[in-house]
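Single chain ahead, by itself, as structure tokens, in the form predicted alone.
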């Protein structure tokens, strides 16, 4: 930001909005819902264009239209609104339309308690796309991430032609933290590149990285099709032809092929440690403090903060195999990320530190590690 060291109080909502705008998102489309009201409010003032949709279904349909026209749209919601968006997110995923959905988690089920935070939506996102296809999902673990990850989310959406989820929580977007503006680096602007070749345009013909070139609707040279049903490389609806099936499988393959380009995590390793603490999002703040306390007590423990939650990086399992015990801290009842990583029966060497209705504290994590030593 080219700002000398300057301490100020900022909430995650403002940083996320500023990051999106600085990074090149050119329209916010949304419907107000707690706890993303501040994102909605800030967006009215900061985005070049802002559309107030009458509901969340319309929000995603409008986003699909703007994306197809060459714009880069973003929105923000919480579980009740996100539930209404699911079909349209699947549509955009199949059509390969870049967009970013910020999902601020709150306590459920259903409408739950709108002003209590949680980390309860990850299993929903993991099963969001019919067929189990992954959708890139990032989770800020501090204010610096609230600045940097929206930029990465936009870039991933454009470069891989896909919807992207920015998964956060009520406390991250509504709590004011001390931020040193001098620590916020300049963000590279994300721009959409359009096909300019001389050969006929094929809207779903994969490139070297398995991502098709893009052309917006309404260009003067080539016909453009965006197709939400099973289709071939020209966007022609087909049943289960070999070409259509290869095109469908490519939706997953392109993400794993390019995973290294958007994989983000912190790995604070202690040589010789036999315990690994894993966390993400708002609970990562407590995990960092708990790690410091445990080390001061003589425990040899390593810390993994995951910022790219989905697709799960195979690299993480190479880290896991070096530890006798793995503790996963997250603010939900059943250990959603633990289940994604290790299944429903992970074995006695994988334990969770969990809770609902309140944030997990460093004391909770310290106690959980010691009890399972």
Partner chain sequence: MTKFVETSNLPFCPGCGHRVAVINTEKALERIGLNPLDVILVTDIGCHGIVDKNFHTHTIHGLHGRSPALAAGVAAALRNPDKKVIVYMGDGGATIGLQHLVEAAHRNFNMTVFVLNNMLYGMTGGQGSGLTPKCYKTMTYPEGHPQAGYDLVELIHAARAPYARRLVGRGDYSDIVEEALKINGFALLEIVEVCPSYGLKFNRGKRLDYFLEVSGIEEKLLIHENRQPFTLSERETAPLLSEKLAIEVEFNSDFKGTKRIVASGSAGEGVQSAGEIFATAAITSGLHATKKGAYPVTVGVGFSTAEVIVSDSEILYTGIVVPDVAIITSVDGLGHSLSRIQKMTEDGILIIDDSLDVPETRAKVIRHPFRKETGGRTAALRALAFYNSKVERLFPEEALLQTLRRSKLAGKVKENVLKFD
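Numbering follows the first chain given and starts at 1. Since we're looking at a predicted model, the values are computed, not measured.
What follows is about the form predicted in complex with the partner chain, which we do not show.
The candidate spot formed by 250, 312 and 323 lies out of contact with the partner chain in the model of the complex, as no residue has a heavy atom within 4.5 Å of it.
Only one segment in the set 169 to 177, 269 to 277, 119 to 127, 154 to 162 has residues whose heavy atoms sit within 4.5 Å of the partner chain in the model of the complex; it is 169 to 177. Residue contact check for residue 288: one or more of its heavy atoms lie within 4.5 Å of the partner chain in the model of the complex.
In the model of the complex, none of the heavy atoms of residue 265 sits within 4.5 Å of a heavy atom of the partner chain.
Interface membership of residue 58, defined by any non-hydrogen atom within 4.5 Å of the partner chain in the model of the complex, is confirmed. The shortest heavy atom separation between residue 362 and the partner chain in the model of the complex is within 4.5 Å. This chain is displayed alone, yet in the model of the complex one of 83, 245, 236, 297 has a heavy atom within 4.5 Å of the partner chain; that residue is 236.
None of 191, 115, 261, 241 but one reaches within 4.5 angstroms of the partner chain in the model of the complex through a heavy atom, and that residue is 115.
Contact residues in stretch 60 to 78 (any heavy atom within 4.5 Å of the partner chain, taken in the model of the complex) are 61, 62, 64, 65, 66, 68, 69, 71.
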